[in-house]
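Okay, so here's just one chain, in structure tokens, the form predicted alone.
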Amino acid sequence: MAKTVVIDEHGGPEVFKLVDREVGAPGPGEVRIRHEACGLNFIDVYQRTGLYPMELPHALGMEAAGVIEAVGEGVTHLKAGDRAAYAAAPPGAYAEARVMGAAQVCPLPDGISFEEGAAMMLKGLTTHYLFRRTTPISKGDTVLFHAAAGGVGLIACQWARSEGITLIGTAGTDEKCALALEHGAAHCINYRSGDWVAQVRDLTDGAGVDVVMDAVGADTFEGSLDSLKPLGMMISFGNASGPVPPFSVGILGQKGSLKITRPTLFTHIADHDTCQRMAADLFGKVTSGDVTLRIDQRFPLEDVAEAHRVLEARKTTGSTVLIP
């Protein structure tokens, strides 16, 4: 049996239930993993609230790290006793242990802790596809990144610095801006202090940025488009403030023949070999020291509701982990 967090209905943090579930043995192509730490992400909030509907009841959680207890037939890249970490669908990571498909479960290097593994897989692989797989970004290019002091943001700041990319961040407090600057942002704008679009234009001598990476959604969408240079790319990869409302595609032409995409991590990591290569790149960034993981919030698994409340209130910095 393993303690597992589930929901029977969509709603606020109060819908969480901690239940005992039978884990069982892994089938072909599966592993059984015992978690040492579980990651917390905004996608978990979207699933809990029903913004991303799921068939209920369902366990939640998309990333974790721990030790492989058993492997099913056909699994060759992992064995019992291996340290491992993952970001993967379907949800179910908020648990002491689970059986799951092995394709997106990755061997975790000894130099990376379980907490770091749980804090980095979804956020770090997201950063990987933003900088490496979505649109060409080269040394000297300028990126605008919203929520730069969050879990993905602090990894993105460091990733950009390591590759000679100028990252302009936004955050909601001066303290969060200082944190983004400490982690490699070239500039960081407190969006509560004035017209952040005008400040982006000032920082780019009126040209605008090459790429916007926006996981905030409704609150920043229009300003993000206005921050781009002609032919710039808008990457909308989240909805922390709510979904982007419908818009006329013609506005992209009016604002400079802009491009826009709405990627998801799970499309990028669907292929086993691609996922493992992306993870190896990410682990290399961490073990080289180019990226360090900042874990500012830790909650026992049974306090998952409070963890969600803090995340939704935008009171977090860096990453948050749940400890089974």
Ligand SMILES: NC(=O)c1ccc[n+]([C@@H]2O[C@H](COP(=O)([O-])OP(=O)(O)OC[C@H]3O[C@@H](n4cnc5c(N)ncnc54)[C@H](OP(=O)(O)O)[C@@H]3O)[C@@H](O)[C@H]2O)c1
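Just so we're clear, the structure is a prediction, and the values are computed from it rather than from any experiment. Numbers follow the displayed sequence, beginning with 1.
Below, we turn to the form predicted together with the ligand, even though it does not appear here.
Contact with the ligand in the model of the complex, defined as a heavy atom within 4.5 Å, holds for exactly one of G74, G172, P109, P243, namely G172.
For the residues S257, T261, T264, T292, the 4.5 Å heavy atom test against the ligand in the model of the complex is passed only by T264. Look at 210-218, 134-142, 83-91, 178-186: in the model of the complex, residues with non-hydrogen atoms within 4.5 angstroms of the ligand sit in 210-218. Contact annotation: G151 falls within 4.5 Å of the ligand in the model of the complex, judged by heavy atom distances.
Residue contact check for A147: one or more of its heavy atoms lie within 4.5 Å of the ligand in the model of the complex. Residue contact check for L122: one or more of its heavy atoms lie within 4.5 Å of the ligand in the model of the complex. None of the heavy atoms of R21 is located within 4.5 Å of the ligand in the model of the complex.
Although the ligand is omitted here, in the model of the complex none of T4, S113 and F299 has a heavy atom within 4.5 Å of it. Residues of 222-246 placing a heavy atom within 4.5 Å of the ligand in the model of the complex, in sequence order: F237, G238, N239, A240, S241.
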